[in-house]
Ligand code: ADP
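Okay, here we've got a single chain as structure tokens, the form predicted alone, with questions on binding and movement later.
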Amino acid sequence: MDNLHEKVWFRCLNVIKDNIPLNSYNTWFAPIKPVKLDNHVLTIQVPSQFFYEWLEEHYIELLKKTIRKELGKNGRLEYSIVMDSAYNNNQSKPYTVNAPTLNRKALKNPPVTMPLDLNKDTGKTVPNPFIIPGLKKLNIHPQLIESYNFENFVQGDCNRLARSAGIAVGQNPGKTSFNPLLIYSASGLGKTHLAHAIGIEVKNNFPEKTVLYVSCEQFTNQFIDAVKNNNQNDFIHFYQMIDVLIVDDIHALAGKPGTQDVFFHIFNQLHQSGKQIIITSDQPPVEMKGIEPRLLSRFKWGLSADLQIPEFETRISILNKKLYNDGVEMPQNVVELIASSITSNIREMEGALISILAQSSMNKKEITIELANNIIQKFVKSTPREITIEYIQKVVGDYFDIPVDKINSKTRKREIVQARQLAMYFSKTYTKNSLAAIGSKLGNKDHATVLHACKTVKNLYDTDRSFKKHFDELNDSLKIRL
């Protein structure tokens, strides 16, 4: 190193590294850059106001001792604080801090400095509860699961639109019409996997971009902590740094007006800055309850894509893919048995597969149909049974002796229309599918048609005794499965 200020700071870092955990050093000291050394005053550059405050709260004593050791009793440390451009609509605005009140004042001049008073009595510091790994953009951990990638996400008719949109976003984040991209489905159909896959695709294509996956519960808890400790601005500033924000289970914002409000402002800032937003939900926006209309309208700006229950062939492919990734083999007739026995939840289907492999390995038994069937029966009995749209179609069709393809046809015959309307009503009642998904499976109808069918069924139930009898008998048949 040719410059004295770099040599001095390098020696300081060696001392600091020996006195704090390595992860803390990498987060809070590795990003700092030495700027100059003038008359025993060492100036270091930190990336933000929040960064400066954190150092002052947590490491001031260590900094005091280190600077005195390297520069003597007259040594001083000054901070050059540069606000990240993502904080202020892509306009870099330096901030200064006036100790001890920490008032903030925007300046038009070059980055200003804040001296570290080596004689100041710091007293007891209050930890900042807003803790996410790292602060500087390069140090923000994306919290992505590497195995949840596109290579391991099997494509089928059930997820083709959502997967294609996800790949497009991963290859061009913030630049497509899919912003926000909302992925919705019932539990266990791959929403979280797809969300992670998009984040991983972005990181592979754009390593410099900051990607963050966070559950809605985690986001809410962080905001509550920020409110308690009066550092909401730090919370907002942090999220405005993100290039690709992935929020899982956004429906969990229901009934939380304060968190909805802060997410609304973060959403607007990111969207206006051309950043990508990806959210998942168990419902489409039109069916979300307890979410403010202004936020719901933002969810509708981009694309809402649903993941439906995978067809038999896709379930087979999912199981074979997992076997291949795990490096194990299983008779194909056993794979088909699993796929035909557990139809509505990929997570449970994979759980049954793992149980069969575990039993075979622990008991040193060959995997056979008999072994698999015994395990599947126990597994299914211990797992809540789910009713699918396909099952409802079959029950209604058998009851009225109408083929399923007739129920899904465009015919307007009264008896077939009523059967279709009943299937729509029971699908809405007993499944977690969206109205749009129900309509697509029952004659390729839109969500408005499904709503109309549900209203019609309720009216006929109250006015038509014969229809009421059919309804009750069908309802009893479906309840038996639960």
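Given the structure is predicted, the values throughout are model-derived calculations rather than measurements. The first residue of the sequence shown is number 1, and the count goes up from there.
The form predicted together with the named molecule exists for this protein as well; it is not shown, and the discussion that follows is about that form.
J.: Tell me the stretch among 364-372, 69-77, 154-162, 401-409 that has any heavy atom within 4.5 angstroms of the named molecule in the predicted complex.
T.: Partner-contacting stretch among the options: 154-162.
J.: Kindly indicate whether 193, 346 and 350 are, all three, within 4.5 angstroms of the named molecule in the predicted complex, using heavy atoms.
T.: Checked in the predicted complex: all three residues contact the named molecule.
J.: Can you work out which of 169, 250, 189, 396 has a heavy atom no more than 4.5 Å from the named molecule in the predicted complex?
T.: In short, 189.
J.: Quick check on this chain: which one of 267, 148, 391, 223 has a heavy atom within 4.5 Å of the named molecule in the predicted complex?
T.: The option sitting close enough to the partner is 148.
J.: Within a 4.5 Å heavy atom cut-off, is residue 185 in contact with the named molecule in the predicted complex?
T.: Yes, residue 185 is a contact residue.
J.: With heavy atoms only and a cut-off of 4.5 Å, decide whether residue 291 touches the named molecule in the predicted complex.
T.: Flag for residue 291 set to no.
J.: Does at least one non-hydrogen atom of residue 81 fall within 4.5 angstroms of the named molecule in the predicted complex?
T.: Outside the cut-off, so no.
J.: Quick one: does residue 318 come within 4.5 Å of the named molecule in the predicted complex, counting heavy atoms only?
T.: Residue 318: contacts the named molecule in the predicted complex.
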